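Okay, so here's just one chain, in structure tokens, the form predicted on its own.
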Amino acid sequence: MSAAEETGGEDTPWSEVTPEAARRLLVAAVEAFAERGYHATTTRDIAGRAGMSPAALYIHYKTKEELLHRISRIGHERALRLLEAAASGDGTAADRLADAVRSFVRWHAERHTTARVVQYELEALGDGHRAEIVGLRRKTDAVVRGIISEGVRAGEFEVPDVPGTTLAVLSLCIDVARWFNAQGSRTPDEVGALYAGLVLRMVGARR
């Protein structure tokens, strides 16, 4: 599944990007960064994939790094909103943690091309942009840590190290983007359900 196909339907990470030429360049950049890596990709590569001249890219993005920042910010914000929605939902801490993991894993599977760039090209960002994305990652960590902490206080979970367990949960979910194959034997929903069960066992959720 290409980044362009990932943007299909109403749940599109790129609906924020206008005009259409800027969106096409961003989609092309996602595909190029995921395939070749940020540093091996040139602005000419990106423009060519979008069917434009290299000069056209600079009308919408000052630098290649600005493109990466836009991709990373949109991706992190979308994933964070999914977690926040699950955290604020009804049910027990176990219910909300399972919902959060299902949503987060499903996003990383359905958008695996995008997610690989979002999650694994952080060090290519400039200092200011990297600091912004690190801030979003801290918010993501805080949402999951909050659910786990609530479960511990309520007696639902047995977790002696909440920060360490939060890191383990997020790492497990994010890694889906690295190995997921749309032609594989499991759908994003199935992987999400599997990982939700794994995480509940990880936190010692009481049945």
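Worth saying up front: this structure is predicted, and the values here are computed from it rather than measured. Start at 1 with the first residue shown and count on from there.
If you look for the form predicted together with another copy of the chain, you will not find it shown, but the lines that follow are about it.
- A21 falls outside the set of residues with a heavy atom inside 4.5 Å of another copy of the chain in the predicted bound form.
- Another copy of the chain is not shown here, but in the predicted bound form it comes within 4.5 Å of a heavy atom of R36.
- Not displayed here, another copy of the chain is approached by R137 to within 4.5 Å at the level of heavy atoms in the predicted bound form.
- Within this chain, T165 lines the site of another copy of the chain in the predicted bound form, having a heavy atom no more than 4.5 Å away.
- Only one of 170-178, 48-56, 141-149, 23-31 places residue heavy atoms within 4.5 angstroms of another copy of the chain in the predicted bound form, namely 170-178.
- Along 98-124, a non-hydrogen atom within 4.5 Å of another copy of the chain in the predicted bound form is carried by Q119, Y120, in order along the sequence.
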